[in-house]
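Consider the single chain below, provided in structure tokens and representing the form predicted alone.
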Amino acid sequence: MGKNNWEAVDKYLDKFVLDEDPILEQVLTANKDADLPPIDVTPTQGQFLTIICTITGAKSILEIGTLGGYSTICLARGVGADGKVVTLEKSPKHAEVASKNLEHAGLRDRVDIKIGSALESLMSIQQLSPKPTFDLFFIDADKENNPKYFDTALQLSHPGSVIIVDNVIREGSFLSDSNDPNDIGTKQLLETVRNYDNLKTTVIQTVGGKGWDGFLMATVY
């Protein structure tokens, strides 16, 4: 079983667990037309994010890495009309595409897009008075900074908060003595979570249309 089989299984499962969703299909088209990298979460992964919002009752979400807003829409749907998503995006171009996609989805009023370096945006959020806390975090940006993103998420969390970090397996490339900053960041992230005694953490490996990957999921207590 290789990537072609994984992708075929993904498409087969989509028919049974997903409804027709022209909004998200149009988002992918808009992202492609704008030459954004094709690294959005898959449709089933997007639905997973929406379900997690529902299960946890999350009403305040911090997303690090907006891209074209596909995952942002899934999160915004999950928080409901009385919820809020703050999403951080370094690229003004990506943020503009995401804003248009959110507007088309009728969810722009639920989402605050902050443009600029995620670390600088996080610092600004930390300096707010009173300092906000979030129910759910979805970290899906540059992997080399994942340890810093995770640490800051913890500082903005409360007991019961859930932190999800995407793309922590990356074909298992971190098992080698790689000098790739993404692999180094992944290893450092795993060391980071081990050092906290107020977390329950797991890592779920996944296969599908995006290959062999996975996500880290932690709850704060």
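Note that the coordinates shown come from a computational prediction; the quantities given were computed from them, not determined experimentally. In this text, residue numbers run from 1 along the sequence as written.
A second form of this protein, the form predicted in complex with a small molecule, is not displayed here; the remarks below concern that form.
*Asks:* Is there a heavy atom of residue 77 lying 4.5 Å or less from a heavy atom of the small molecule in the model of the complex?
*Replies:* Contact with the small molecule, no.
*Asks:* At 4.5 Å between heavy atoms, is residue 124 in contact with the small molecule in the model of the complex?
*Replies:* Judged by the heavy-atom cut-off of 4.5 Å, residue 124 is well away from the small molecule in the model of the complex.
*Asks:* Within a 4.5 Å heavy atom cut-off, is residue 133 in contact with the small molecule in the model of the complex?
*Replies:* It does not: once the small molecule is placed as it appears in the model of the complex, residue 133 has no heavy atom within 4.5 Å of it.
*Asks:* I'd like to know if residue 193 sits close to the small molecule in the model of the complex, meaning any non-hydrogen atom pair within 4.5 angstroms.
*Replies:* Output for residue 193 is no: heavy atoms all beyond 4.5 Å of the small molecule.
*Asks:* Which among 151 to 159, 64 to 72, 50 to 58, 172 to 180 is in contact with the small molecule in the model of the complex, heavy atoms within 4.5 angstroms?
*Replies:* Selected stretch: 64 to 72.
*Asks:* Taking 40, 94 and 118 as a possible spot, do all three reach the small molecule in the model of the complex with a heavy atom inside 4.5 Å?
*Replies:* All three within 4.5 Å in the model of the complex.
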